[in-house]
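Starting off, we have a lone chain in the form predicted on its own, written out as structure tokens.
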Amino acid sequence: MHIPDFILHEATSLLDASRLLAEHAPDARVLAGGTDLLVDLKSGRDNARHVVSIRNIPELQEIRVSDSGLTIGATATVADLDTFTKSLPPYRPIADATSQMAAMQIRNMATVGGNIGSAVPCADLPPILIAMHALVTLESTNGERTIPLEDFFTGPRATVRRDDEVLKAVIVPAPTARSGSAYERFALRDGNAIAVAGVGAGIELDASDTISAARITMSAVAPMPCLVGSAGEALVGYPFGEETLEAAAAAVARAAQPICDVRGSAGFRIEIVDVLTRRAVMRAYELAMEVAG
């Protein structure tokens, strides 16, 4: 296999990238780290004739934190995000995903925007980011729009991004005072393996330590990373305990739509996602209690 011929365009700004994408749509793709796109081109999954590189747009590389939250530029690498979030306790749950993704060489190249924008069902960042109420910002020559991350995906490798839009940033609102999040995944081996199943959980507690809000997400067991509303509803209004864990896990298992492949059967994946949900919710609850003091 070889990479087919394509025309490479080096964008110098977001507006330049948007213009190039619009000019060559629908036969143009965005290049950042290239760890997904170049594989797709080489394997024949994609045959785009135009590739627009956004690697040299400085504002897309930034990761910054403020009182309102964390802003992650689309071309920030997974390794950069891992290092950044490990030093920030409110956002450390993101490192549950970044620290387990692929091998270090890939983490040094793969970008946050690529992991999200490729809309691969088994991507690791979407579950924890959705659990933490993340938003994505898209920009084009027509302006900017910001949407909840859970509304970004429409199916396997499909999103609401228009042909002329560039995924600019991911915004994670500052966690509330009595909240915690966690991500759990299962893979067949460490390092290079993609997730067989993944679950993200976000928990908020009221003054009596009752669960007042909950967001449970899943990946690799559905056509796209998604929020499981019924699982969150099973937790809200109850104190943490075995019954609530069981109800949330059962809700995720019912919502799962796993496939059978060489990494595991559908039945195996459902059993795994049940266990991962329990672990993620428990860890999120423990963090929320720790933060609450």
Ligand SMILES: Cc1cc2nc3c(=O)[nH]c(=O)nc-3n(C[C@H](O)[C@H](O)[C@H](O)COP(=O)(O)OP(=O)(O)OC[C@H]3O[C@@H](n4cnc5c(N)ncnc54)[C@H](O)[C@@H]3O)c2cc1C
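Numbering starts at 1 and follows the sequence shown. Here the structure is a predicted model, which means the values were calculated and not measured.
Keep in mind that the form predicted in complex with this ligand is missing from the display, and what follows is about it.
*asked:* The chain here is shown without this ligand. Which stretch in 263-271, 34-42, 244-252, 226-234 comes within 4.5 angstroms of it in the predicted bound form, by heavy atom distance?
replied: Comparing against this ligand in the predicted bound form, the contact stretch is 34-42.
*asked:* Check for me: heavy atom within 4.5 Å of this ligand in the predicted bound form, for each of 132, 170 and 176, yes or no.
replied: Answer is no for this spot.
*Evaluate residue 211 for contact with this ligand in the predicted bound form, applying a 4.5 angstroms cut-off between non-hydrogen atoms, and reply yes or no.*
Residue 211: no contact with this ligand in the predicted bound form.
*Although this ligand is absent from this view, report whether residue 194 comes within 4.5 Å of it in the predicted bound form, heavy atoms only.*
Close contact exists here: in the predicted bound form, residue 194 approaches this ligand to within 4.5 Å, heavy atoms only.
_If we define contact as a non-hydrogen atom of the residue within 4.5 angstroms of the partner, is residue 115 a contact of this ligand in the predicted bound form?_
Yes, contact at 4.5 Å.
*Any chance residue 111 has a heavy atom within 4.5 Å of this ligand in the predicted bound form?*
Answer yes; at least one heavy atom of residue 111 falls within 4.5 Å of this ligand in the predicted bound form.
*in the predicted bound form, the residue from 128, 203, 218, 74 that sits within 4.5 Å of this ligand by heavy atoms*: By the 4.5 Å criterion, the partner-contacting residue is 74.
*With this ligand left out of view, which of 123, 149, 81, 182 would have a heavy atom within 4.5 Å of it in the predicted bound form?*
Among 123, 149, 81, 182, a heavy atom within 4.5 Å of this ligand in the predicted bound form occurs only for 123.
*Taking heavy atoms and a 4.5 Å limit, what residues of 45-69 are near this ligand in the predicted bound form?*
Only a single residue, 54, comes within 4.5 Å of the partner.
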